[in-house]
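Shown next as structure tokens: one chain only, the form predicted on its own.
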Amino acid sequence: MVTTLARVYKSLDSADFRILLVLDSLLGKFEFVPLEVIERKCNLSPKELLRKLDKLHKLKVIKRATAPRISYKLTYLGLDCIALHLLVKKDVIAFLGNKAGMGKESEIYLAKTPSGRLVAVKFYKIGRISFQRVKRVRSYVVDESNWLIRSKIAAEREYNALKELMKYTPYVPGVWGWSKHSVVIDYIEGIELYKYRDAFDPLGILAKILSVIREAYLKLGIVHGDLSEYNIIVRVGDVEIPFIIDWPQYVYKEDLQSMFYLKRDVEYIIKFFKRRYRTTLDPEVALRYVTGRINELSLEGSSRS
């Protein structure tokens, strides 16, 4: 089944993308871009431009305002199409599949690279529903005036964090590319930690999670800042392998609040494992480990009741 995004994307031509890219370039300057501004930048005849704008409006990749003057703005669907267009041009992806997941801040689609590798395209969709939570946990977006711009910032930050983290730990998804509000990562076939009830080595999973937090803090100087059972995926096989996802809200260790977020991340995940799997691990010992004050996390004395 062809998704709405794939169907709309395939219906667009080079002139359509020229218009969409103009609207994208003016996100920080206009809420709605006046028609005369679009005319100056698109190099299309007035008749052709109006025909194209009507098409794009019907496809819902742009919105139109008629008062106090005719003007247009980009929608998330329009930004999706731009991101896909650029990812294809960069040879990051060659095929877009079905939607694989949806959250308050993002949509995930399956895709394939030109070599046929299965990947996931994550489109950030920060908007009205998630706005209050975003203000609370993502300080880097509070001063931005446009949700599309915020979503672009989120994708870029996630790409930059994963690109560096994958050098030091196998417990984050590999990253393949980034464009606008989208980031392309390895598709992780697994189960979200909050759904995973029957772990056979919960302490092993917890140790791997804490090792990622340690590497992020010591090698990159960042703190995840919003770690929970909802952004950890477990691949189940002979060994249970956790992958920590959703990194755009990270804070730098130089931030005055970084130790608060680090301690909160560590204590929260330890409490979750204790509640779900009846494990015990001293949070203070874990905190000394992730900050590098001790070099090994000994699980001796830790237990599963």
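Residue numbers run from 1 along the displayed sequence. The shown structure was predicted, so the numbers you read here are calculated from the model rather than taken from an experiment.
FYI, the form predicted in complex with a small molecule isn't displayed, but the following is about it.
Asks: Name the stretch: of 73-81, 89-97, 198-206, 231-239, exactly one has residues whose heavy atoms fall within 4.5 Å of the small molecule in the predicted bound form.
Replies: That would be 231-239.
Asks: Ok, I153, L220, I188, L210: which has a heavy atom sitting within 4.5 Å of the small molecule in the predicted bound form?
Replies: Of I153, L220, I188, L210, the residue with a heavy atom within 4.5 Å of the small molecule in the predicted bound form is I188.
Asks: Exactly one residue in G103, G127, P114, P170 has a non-hydrogen atom within 4.5 Å of the small molecule in the predicted bound form; which is it?
Replies: In short, G103.
Asks: With a 4.5 Å heavy atom cut-off, would you call M166 a contact of the small molecule in the predicted bound form?
Replies: No.
Asks: Report yes if any heavy atom of L49 sits within 4.5 Å of a heavy atom of the small molecule in the predicted bound form; otherwise report no.
Replies: No - in the predicted bound form, heavy atoms of L49 and the small molecule never come within 4.5 Å of each other.
Asks: May I ask you to check whether D246 falls inside a 4.5 Å heavy atom distance of the small molecule in the predicted bound form?
Replies: Although the small molecule is absent here, D246 would touch it in the predicted bound form, with heavy atoms inside 4.5 Å.
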